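Next up: a single chain in structure tokens, the form predicted on its own.
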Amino acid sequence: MPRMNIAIDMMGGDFAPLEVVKGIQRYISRNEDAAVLFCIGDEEAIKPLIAEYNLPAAHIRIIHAPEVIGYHEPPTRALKEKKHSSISIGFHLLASGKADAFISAGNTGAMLVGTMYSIKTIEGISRPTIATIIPKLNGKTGLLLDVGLNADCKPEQLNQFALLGSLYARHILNIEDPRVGLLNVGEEEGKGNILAQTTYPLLKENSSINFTGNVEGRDFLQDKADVIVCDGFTGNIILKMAESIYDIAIARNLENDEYFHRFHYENYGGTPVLGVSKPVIIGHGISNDKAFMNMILVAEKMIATDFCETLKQAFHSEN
């Protein structure tokens, strides 16, 4: 397989570019056949750090980006006005085929808008989605989607999210025959609001997934399903609540607890945008070196498994 080219926004994140460089160093040090990393950012800021941390020239391509999109800038306007920003250049590299994946911990809105306008949604998918990892109490890992990209959803979209999540769980998280659950207020079929009631039969009839029924809030951290589907409004509330649980654990000096440690964002890196034709990974604004390393590893696995092509074939068959 040809060497991968992964574009990474060196200016995205509260602790960029230092933590990005340190993350790249961690990634390269553990990979004999590491990808070529297109490091996009202000040359004057990143060149000295790349030299200080002895990043090998064979794996690094510096691409100067004199502009940065700040966290509080309106995403659409910023992308239009800042053509030479690290995020804009990253999407150009991805859309033109020069990069196989793009990673950033910068402005989330700009990353989502850039994904929608630069990278095509896979044919047959009405809306892309973003997911988050669920650390289960028994040590296993699950997936929740959508967690904020689609606040209002139609039943057909939740049905598509179920397949997207199932494929990601199988091919990237290595969960064989992942169980899919619909987040609801009760276990029985027919429970819930109109969205849940009309989504349930679609999931039940979907032969491409292993649908096991409704999942309640109390089952969220248990091992009742591997993939949990909900609208982005509900999913984002759950995600923020889970983050607060981790904050409480830290405040109560439980950071060394094996289970609570698994809530830390750095263990998973970033969130992939599922349903688009090329890998886009969005990182947390406070990402550290370990998080950046894991973002690169997620992108690498998505490229190595040709995951986006798997999605294309799956939805071509569905249609």
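Since this is a predicted model, take the numbers as computed values, not measurements. Counting begins at 1, following the sequence as shown.
The discussion below concerns the form predicted in complex with a further copy of the same chain, not included here.
Within 4.5 Å of a further copy of the same chain in the predicted bound form, a heavy atom is found for all three of V185, E216 and A251. Site annotation in the predicted bound form: the residue of L202, I119, I209, A242 reaching within 4.5 Å of a further copy of the same chain with a heavy atom is A242. Only one of the listed residues (A169, A196, I125, L163) places a non-hydrogen atom within 4.5 angstroms of a further copy of the same chain in the predicted bound form, and that residue is A196. In the predicted bound form, a further copy of the same chain lies farther than 4.5 Å from every heavy atom of Y265. a further copy of the same chain in the predicted bound form comes within 4.5 Å of a heavy atom belonging to N236. Interface residue remark: P155 is not counted as part of the site for a further copy of the same chain in the predicted bound form, having no heavy atom within 4.5 Å. a further copy of the same chain is not drawn, but in the predicted bound form it has no heavy atom within 4.5 Å of L112. Of the candidate stretches 185-193, 95-103, 170-178, 80-88, only 185-193 has residues with heavy atoms within 4.5 Å of a further copy of the same chain in the predicted bound form.
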